[in-house]
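Take a look at this single chain, the form predicted on its own, given in structure tokens.
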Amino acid sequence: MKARRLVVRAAALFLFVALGVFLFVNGKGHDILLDNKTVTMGDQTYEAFASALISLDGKKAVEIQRRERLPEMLVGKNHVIRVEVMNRGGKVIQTREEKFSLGLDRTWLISLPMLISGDARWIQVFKTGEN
């Protein structure tokens, strides 16, 4: 009888720990920095665009101008970003939509010029100068 009780308690403990890990990973908040600045990676330069509309996970789009960096907050692991690049007249000239997953790091930087250009390094962990 005691062995059975011990097995049931161990199974219940395992389930609670597994549920806690699942909720931690899927409910974790992430700070996202949407960056519309000219970037040079190696010998490749990605020019910032005049303005764009950015939508994360189908929410209302926000507008970003050249040389701006906007903060956003996302909860969870899997997301979708939609970027609509506009010319000076406000007409959409290019659209790109990407699915992406975030790891356990807290802050991420999304380079919009690199995303539009199709460079795979468009999303990176954002590191401050702190250790």
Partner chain sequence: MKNKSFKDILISNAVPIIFLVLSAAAIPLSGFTTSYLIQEMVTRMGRNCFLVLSLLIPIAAGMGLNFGMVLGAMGGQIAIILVTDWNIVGMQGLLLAAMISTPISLALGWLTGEILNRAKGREMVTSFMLGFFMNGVYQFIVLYGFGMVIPVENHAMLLSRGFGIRNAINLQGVRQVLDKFLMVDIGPIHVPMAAFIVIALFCLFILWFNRTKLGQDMRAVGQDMAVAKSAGIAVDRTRIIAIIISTVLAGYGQIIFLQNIGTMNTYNAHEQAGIFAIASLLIGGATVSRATITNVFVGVMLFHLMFVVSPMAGKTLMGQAQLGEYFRVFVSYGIIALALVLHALRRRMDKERERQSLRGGDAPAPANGH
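Residue numbers count along the first chain shown, from 1. What we label the rigid core is the largest C-alpha set whose atoms superpose within 1.5 Å from one form to the other. Since we're looking at a predicted model, the values are computed, not measured.
Only in words, not in the display: the form predicted in complex with the partner chain, which the text now covers.
The candidate spot formed by Leu53, Gly58 and Gly90 is out of contact with the partner chain in the predicted complex: none of the three has a heavy atom within 4.5 Å. In plain terms, the part of the chain that comes close to the partner chain in the predicted complex, with a heavy atom within 4.5 Å, is 28 to 36 out of 61 to 69, 82 to 90, 28 to 36, 45 to 53. Interface residue remark: Gly20 is counted as part of the site for the partner chain in the predicted complex, having a heavy atom within 4.5 Å. At a distance threshold of 4.5 angstroms between non-hydrogen atoms, Lys99 is out of contact with the partner chain in the predicted complex.
Though the partner is left out of this view, Val75 does reach within 4.5 Å of the partner chain in the predicted complex, counting heavy atoms only.
Once you line up the core between this form and the one not shown, the Cα of Arg121 stays within less than 2 Å of where it was.
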